[in-house]
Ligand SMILES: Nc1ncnc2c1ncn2[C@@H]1O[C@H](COP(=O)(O)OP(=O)(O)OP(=O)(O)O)[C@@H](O)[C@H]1O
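The chain below stands alone and is given in structure tokens; this is the form predicted alone.
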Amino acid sequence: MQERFKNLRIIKDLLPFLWTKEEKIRSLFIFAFGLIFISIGLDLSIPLVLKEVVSCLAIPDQSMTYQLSLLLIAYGIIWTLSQVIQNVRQIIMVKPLESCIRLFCSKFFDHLHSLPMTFHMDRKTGALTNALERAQHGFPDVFWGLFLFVIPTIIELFLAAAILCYFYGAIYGVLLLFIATVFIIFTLYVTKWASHFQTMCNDQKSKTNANIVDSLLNFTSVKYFNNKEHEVLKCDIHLKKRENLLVKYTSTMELVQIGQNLIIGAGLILLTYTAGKQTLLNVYDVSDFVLINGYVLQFAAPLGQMGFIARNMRRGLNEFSDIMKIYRTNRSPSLSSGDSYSPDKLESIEFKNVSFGYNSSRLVLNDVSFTLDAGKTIGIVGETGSGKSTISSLLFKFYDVNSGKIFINNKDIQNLDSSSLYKFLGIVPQDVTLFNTSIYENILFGRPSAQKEEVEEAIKLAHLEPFLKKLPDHYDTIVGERGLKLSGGEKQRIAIARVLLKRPALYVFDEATSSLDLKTEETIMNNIAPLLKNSTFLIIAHRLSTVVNADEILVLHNGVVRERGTHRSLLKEEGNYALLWKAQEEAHKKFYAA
């Protein structure tokens, strides 16, 4: 019962994608359903016309030749029209169904981008893409089967039973409905049992795809550690499990098909034997036997197909099961529009007593407070794991703080419209990932409406020109999956150019130059020095040279602000910052000496 309600809920959730607000799509659906009823009427009339043909042939009479000719022509025309209408119906339904799949996938893609960071951290990309691909295949299985076969067949079945009851009494109509009911009940319950294997098979498919994608994304690590055989063996183990489950599922469904054929065969014997016996007893004539047998045979094939269709529908619903769980996953509250507060310009950012931990056992940030006014620069430094990068993640609302508040223009960030927030912010993240397109397109992603001249200006500021001149395709060079064709420093310079092109109200540089040599870093910092004077910057860095001109520097230690002040004031304190500066200055001297 629970399984049935789950399937009904899936169908209910998918119906809005079929019955869209677009009038053209709705009209096509209505027209297609109209054709279904015309097709039902034609199918039901075929045995009736055949009965009249047999009646004419049973009593040879030259005067009946004209009538017989008309009946035979009508028989051929009705059958032809029925088949043509079915083909036309399929053609008409392709557009609405494909539109429905497009809308669903687009909505699901939008939903994925709206889910909290924790969801994506816990999921494997291969499993997600596999679920979406299976759902695309499942859509036609469910809706072609349900609206173009199951519902029309059931309607036609009841109408045929009514015709048999009208001409020959309740026995034939009741027998036809009884056989169909036994068949449907058997199909529903047995396919439910068999679908258990498909559910397990789907889970294993997702795990297999996730493993393959994960291995391919980490192919450099596989080569570094010479572990190709290990990965191939692991993949084969997953594929073997999938193979075993698929064999079980397919074999089980074939057993179901055998049971369905036995029910149809038994019904066929029962009805034709009863009709044949009564024809021999002269209760009915041969034309009556043809009519009864015509309806029986007319539903033998569809009922046999219904087993196949029901199996596909069950499979389609199972395909949707995983993806609908994701679709029903609540969007992060921090990503909601809140009070839709959309400020025109950035005035200030304030972290007030902010504490945060990825789990309850350890705080990454502990009672952190600072204020960044528009046009100013704050630098955040500290050892690895001190919580520096977590500050940028909280600013982007990837996570909710445990306690404290983050304010923009003295308004709680939770009440700030997310779209407006992301327009304000621009970041060079610590781990730069690029799209598998050209360098130019990756930079243009910062502001897709930017002109070519603006992109080229960002390239100059990020000191990318010397690197691009070495490439045959210049900035049309494809960077590879996640930018793997480029070095870490090259990716960072592209990321810097991208954020410079965006021109956000607040620039967040999270270890933005960590992969650059000191000379390149110095060149870039000199290039953006005028920008630093007039823009708002939050610079998170290991290298203290990138924050020396900051209006305030925070020194984090185990998530706590231990020191704060300007570069000069912190050197005078002779604390942790002064020790770090001294160590890096010595390294700097050695670099230039070399």
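All of these numbers come straight from a predicted model, not from anything done at the bench. Just count from 1 along the sequence shown to find any residue number.
Beyond the structure shown, there is the form predicted together with the ligand, which is absent from this document and is the topic of what follows.
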> Okay, which stretch from 383-391, 344-352, 166-174, 516-524 lines the ligand in the predicted complex, with non-hydrogen atoms inside 4.5 Å?
Replying inline: 383-391
>> How about residue 206 - does it come within 4.5 Å of the ligand in the predicted complex, if we only consider non-hydrogen atoms?
In response: no
> According to a 4.5 angstroms non-hydrogen atom cut-off, is residue 358 in contact with the ligand in the predicted complex?
Replying inline: yes
> With the cut-off set at 4.5 Å between non-hydrogen atoms, does residue 364 touch the ligand in the predicted complex?
Replying inline: yes
>> Given that the ligand is not shown alongside this chain, does residue 430 nevertheless sit within 4.5 Å of it in the predicted complex, heavy atom to heavy atom?
In response: yes
> Of the residues 407, 370, 445, 399, which one places a heavy atom within 4.5 Å of the ligand in the predicted complex?
Replying inline: 399
